[in-house]
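Below you will find one chain, with nothing else, as structure tokens; this is the form predicted alone, and questions on how it binds or moves follow later.
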Amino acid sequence: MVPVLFILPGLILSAFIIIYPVWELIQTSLRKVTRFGKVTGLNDFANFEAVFSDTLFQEAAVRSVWWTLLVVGGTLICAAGIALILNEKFHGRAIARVIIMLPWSVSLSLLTVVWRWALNGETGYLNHLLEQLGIIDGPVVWLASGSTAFTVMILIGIIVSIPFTTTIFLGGLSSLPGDLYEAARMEGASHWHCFRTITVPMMQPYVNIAIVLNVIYVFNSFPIIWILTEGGPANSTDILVTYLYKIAFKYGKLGEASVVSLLMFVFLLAFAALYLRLVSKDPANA
């Protein structure tokens, strides 16, 4: 009984923060809602029909999947390499760690505003730098077309996600027992063999944490796309979270917005549950 009393405040707080909003979301998604938020009777799943038949929703959903996969995948690869380098002993390692972590202390919105200035087609310093290096012949309007803008957004998403992920990996690498590596090297194991048979298996829990947290953060990431293009041009860079914002606060379709929010919540909950279940079945993590 005593342990239950200890966790009871946390359970009540969680229920207030999570369960109540989800219940309200379900109620709103099943009813007709006016532009001013007045909720009326049930509407026979009309909000769901409207959302699923909207081609903009379908395109935003597909784009959200690509956005999440590419940003998370690129981030994990880059952060793993950086963490391995920063885990080695070399002169100036402390300064290098601070430099890598420094962008994490800056607001994501502020970083994106800086990138928007850099990507300006006429006065951006990225064009100036590339021209000085002889890579491009003239200014490029990076955010004028959907394909170019979305590619740039993915690269920015990777860059801003690296500090957080590198921190997770560095924490894991610093906790690995050094005597295992010493014993392996005394047996003649190479660096690659130590990495493959010791580092990779023992880092698996930290990789799992990084995957789950990054998927949740990136899938719901709003500032990068909204500040750079607001989902444009012509909705070609919209992901679900920007599509949700538009139908809720620009078009006043609060019932349909509730449906999109509910779908995003269910998707992330199912992903986290499925992934953790698969990981728990892995004998290496048993």
Partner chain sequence: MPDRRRSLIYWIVLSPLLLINLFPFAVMISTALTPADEVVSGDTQWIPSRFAWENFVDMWQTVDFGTALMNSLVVGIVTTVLTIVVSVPAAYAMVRLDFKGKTAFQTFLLITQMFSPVVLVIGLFRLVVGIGALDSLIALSILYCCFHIAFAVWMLRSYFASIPAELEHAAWLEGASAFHAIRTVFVPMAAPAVAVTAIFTFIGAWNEYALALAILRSSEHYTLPLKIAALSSGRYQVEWHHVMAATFVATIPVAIVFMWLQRHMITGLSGGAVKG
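The term rigid core refers to the most C-alpha atoms you can superpose between the two forms while keeping them within 1.5 Å. All of these numbers come straight from a predicted model, not from anything done at the bench. Positions refer to the first chain, counted from 1.
The form predicted in complex with its partner chain is left out here; the points below concern that form.
Asks: With the partner removed from view, which of 134 to 142, 193 to 201, 100 to 108, 69 to 77 is the stretch that lies within 4.5 Å of its partner chain in the model of the complex, judged by heavy atom distances?
Replies: Of the options, only 100 to 108 has residues within 4.5 Å of the partner.
Asks: Looking in the model of the complex, any heavy atom of A149 within 4.5 Å of its partner chain?
Replies: No, A149 sits far enough from its partner chain in the model of the complex that none of its heavy atoms falls within 4.5 Å.
Asks: Taking heavy atoms and a 4.5 Å cut-off, does N43 contact its partner chain in the model of the complex?
Replies: Contact with its partner chain, no.
Asks: Residue-level contact is defined here as any heavy atom of the residue lying within 4.5 Å of its partner chain in the model of the complex; does V241 satisfy this criterion?
Replies: Yes.
Asks: Considering only heavy atoms, tell me if E88 and its partner chain come within 4.5 Å of each other in the model of the complex.
Replies: Contact check for E88: yes, within 4.5 Å of its partner chain in the model of the complex.
Asks: Exactly one residue in A50, L56, A248, V65 has a non-hydrogen atom within 4.5 Å of its partner chain in the model of the complex; which is it?
Replies: None of the other options qualify; the answer is A248.
Asks: Core aligned, does the CA of M264 move at least 2 Å between the shown form and the other one?
Replies: It does not reach a 2 Å shift.
Asks: Given that the shift is 3 Å or more, do the Cα atoms of I7 and P205 end up closer or farther apart in the model of the complex than in this form?
Replies: It is farther: in the model of the complex, the C-alpha atoms of I7 and P205 lie at least 3 Å more apart than they do here.
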